[in-house]
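One chain comes next, on its own, written as structure tokens: the form predicted on its own.
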Amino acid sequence: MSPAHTEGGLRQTRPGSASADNPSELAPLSSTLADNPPESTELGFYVHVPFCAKRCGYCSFNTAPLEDGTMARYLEALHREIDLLGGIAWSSRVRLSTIFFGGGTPSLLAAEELGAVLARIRARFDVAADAEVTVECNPESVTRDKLAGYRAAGVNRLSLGVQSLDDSILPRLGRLHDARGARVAFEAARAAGCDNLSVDLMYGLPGLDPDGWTRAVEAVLDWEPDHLSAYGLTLDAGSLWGAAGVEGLPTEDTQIDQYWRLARAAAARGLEHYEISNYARPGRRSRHNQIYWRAAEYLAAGPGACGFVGRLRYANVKATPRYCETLAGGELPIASSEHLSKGQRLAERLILGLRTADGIPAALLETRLGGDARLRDLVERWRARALLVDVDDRVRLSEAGFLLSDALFVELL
């Protein structure tokens, strides 16, 4: 099965070369970003909001409990970080085409707080007039008024973390909403004027049978979202379930069946399967996530956030208190970084590009194959099985190829 990526994408999957919270390593790394100007004049910007009212059992992302005073301290530090990033010499030469608030639970931010962060970004950077501005939201933490406030602040895309519509499964996941609450949140977003609305679902969940999954998919599609993200459950290191395990997981065959039920239902409703885990109506692909899948460049702010500029991959300090302390001292909170080699860049472009329906240039794949007879033979066998198909001068995975992509990705690395 393919790896699960949440909207917002690859922000916490990049290993760094330095200890995440070693103060002695922060000072030299904080100047690294300034010395690596981007290759493009168009960047994305990812903002990590770490707080959650409750941590979900499957979640391996960088989260923190919301306690008295923690949000205010975080926001003060975040504003400082935006100022420092905007003060880098090359920042005046770039334009932000997307801004994405991920988490954690960004919708714990009041509309005024989120608006202030966006105003700070606009004050320090050139933000495109048509920039896509996305906020991840949990159903229980939004109202029509809050979402109208987000929209007034410049948010033009919402990603609603529904995950399931089964009221017997949702509490087990650690979710704080029920099926009715998810529908109410979706309707509140529409009522607030959101015309670019994505919904997240998960399959392969404990206790989720194929028919229950089909009912959830059809119910969400009846809402007519503009975008649907659907991820297979993975027990990643760092999650509660990854550490302790969980009972009642469906078999791999059942997960595959659930994948195909989703793919067929989405296609029947006119949604394009444009990336392994993502479906969209025409013109509603996630512009921010496409930055990741095209191995393009993006800045990042917030505890544990990861960015990529020039050939530099960097990661911020994960612990929120240490993140705030570092910025209070006037330093960017970069904890680790690595310069990607040409080989690493090629492998990323191949793997990320093959996650999408657009695929990759055939010449790029040919460069990777080179004189590797074993890998060339594997690729030809995938072509013979119609898992990998050629379209004009590009190569892409078929629907069946998406399902088996991990096997090829490992080889391409």
Partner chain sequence: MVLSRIRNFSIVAHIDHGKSTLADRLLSLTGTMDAKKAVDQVLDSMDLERERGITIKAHTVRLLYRARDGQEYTLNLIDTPGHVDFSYEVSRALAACEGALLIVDAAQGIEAQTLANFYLASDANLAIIPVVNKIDLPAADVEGTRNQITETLDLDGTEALAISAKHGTGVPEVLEAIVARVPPPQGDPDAPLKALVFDSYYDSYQGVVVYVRLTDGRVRPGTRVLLMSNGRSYDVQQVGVFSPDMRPVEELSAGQVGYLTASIKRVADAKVGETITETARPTAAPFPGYRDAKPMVFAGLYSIEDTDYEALRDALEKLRLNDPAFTYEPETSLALGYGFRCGFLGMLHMEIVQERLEREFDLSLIVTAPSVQYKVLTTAGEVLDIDNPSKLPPPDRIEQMDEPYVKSSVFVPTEFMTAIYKLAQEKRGEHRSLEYHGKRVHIRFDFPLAEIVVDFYDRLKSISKGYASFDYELSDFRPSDLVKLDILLNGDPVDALSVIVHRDKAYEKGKALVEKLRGVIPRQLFEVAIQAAIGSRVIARETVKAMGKNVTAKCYGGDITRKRKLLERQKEGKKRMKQVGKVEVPQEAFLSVLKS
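Residue numbers count along the first chain shown, from 1. On a predicted model such as this, the values are computed, not experimentally measured, just so you know.
Omitted from view is the form predicted in complex with the partner chain, to which the following refers.
- The single contact residue among Phe101, Trp213, Tyr292, Tyr74, judged by any heavy atom lying within 4.5 Å of the partner chain in the predicted complex, is Tyr292.
- In terms of contact with the partner chain in the predicted complex, the residue from Gly181, Gly310, Gly232, Gly115 that brings a heavy atom within 4.5 Å is Gly232.
- Relative to the partner chain in the predicted complex, residues Leu352, Phe402 and Glu411 are all within 4.5 Å by at least one heavy atom.
- Using a 4.5 angstroms threshold between heavy atoms, Thr32 stays clear of the partner chain in the predicted complex.
- Using a 4.5 angstroms threshold between heavy atoms, Arg55 stays clear of the partner chain in the predicted complex.
- Contact check for Leu43: every heavy atom lies farther than 4.5 Å from the partner chain in the predicted complex.
- Residue contact with the partner chain in the predicted complex: Cys306 places a heavy atom within 4.5 Å of it.
- Of the candidate stretches 184-192, 213-221, 127-135, 272-280, only 272-280 contains residues with a heavy atom within 4.5 Å of the partner chain in the predicted complex.
- Taking the partner chain as positioned in the predicted complex, the residues of 318-355 that bring a heavy atom within 4.5 Å of it are, in sequence order, Glu338, Leu340, Gln344, Glu348, Ile351, Leu352, Arg355.
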